[in-house]
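For reference, the chain that follows is the form predicted alone, supplied as structure tokens.
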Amino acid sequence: MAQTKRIRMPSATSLVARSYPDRIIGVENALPWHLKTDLKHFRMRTQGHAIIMGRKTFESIGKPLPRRVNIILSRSPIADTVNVKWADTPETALMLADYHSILLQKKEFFIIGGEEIYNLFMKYINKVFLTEVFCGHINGDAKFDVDFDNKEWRFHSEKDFLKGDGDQFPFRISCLIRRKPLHRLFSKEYFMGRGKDISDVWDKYVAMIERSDSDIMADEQQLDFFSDL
């Protein structure tokens, strides 16, 4: 009996901004700075994709982010809408991110915070866009306290930005890629009956993935955006 073909699922990418040197990412459920350029970078990367966040991050934003599938991980129910999906477990959040990424024909989805969410999904994340904000010592109640060991991660690129109009502090955006990426594999049958008929887009998704490198690489076309920031 022929085995059902299992296909590599979309890869998890994280976007996170933290202070340097204290690694603070939040104060009372809000960002400790305003960086217009970094927000532009965040919007450019995530639009058109599925994003996973916690309830506190969702509430701090105040509304679903447009042109994205907002997957909210929370123990308490959240009403589903066209672009808001509730997940009560990390596994459900990943399944929803995979499902909607396949429908959208995307090779990656994004983990956007907060602290607990980053920690929960860190083992799945293959690429990180890290913004380090040179704001000096600050106090905060949420951190992204991750060391990127060069045995496990490699720096692909980085770019420095000066303090200026709309940017409260100077900062640096780096792209880090896991040396041995985690590939999650599922078959089409895993998604059947979970929503829209995935059969219509499955073959296109498989062809897209099979054209891609087996390793998780930085998207060179998107990385060109660094020169425009």
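The structure presented is a predicted model; accordingly, all values stated were derived computationally and were not measured. Residues carry their position along the shown sequence, with the first being 1.
Keep in mind that the form predicted together with a small molecule is not shown, yet the notes after this line are about it.
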{"item": "Joint contact, I117, L120 and A142 to the small molecule in the model of the complex, by non-hydrogen atom at 4.5 Å", "value": "yes"}
{"item": "The unique member of V128, I112, I102, L96 whose heavy atoms fall within 4.5 Å of the small molecule in the model of the complex", "value": "I112"}
{"item": "Listed residue that, although the small molecule is not shown, lies within 4.5 Å of it in the model of the complex (heavy atoms), from P64, P181, P170, G54", "value": "G54"}
{"item": "Partner proximity in the model of the complex: T46 to the small molecule, non-hydrogen atom cutoff 4.5 Å", "value": "no"}
{"item": "Distance check, T89 to the small molecule in the model of the complex, heavy atom within 4.5 Å", "value": "yes"}
{"item": "4.5 Å heavy atom contact, N83 and the small molecule in the model of the complex", "value": "no"}
{"item": "V27 within 4.5 Å of the small molecule in the model of the complex, heavy atoms", "value": "yes"}
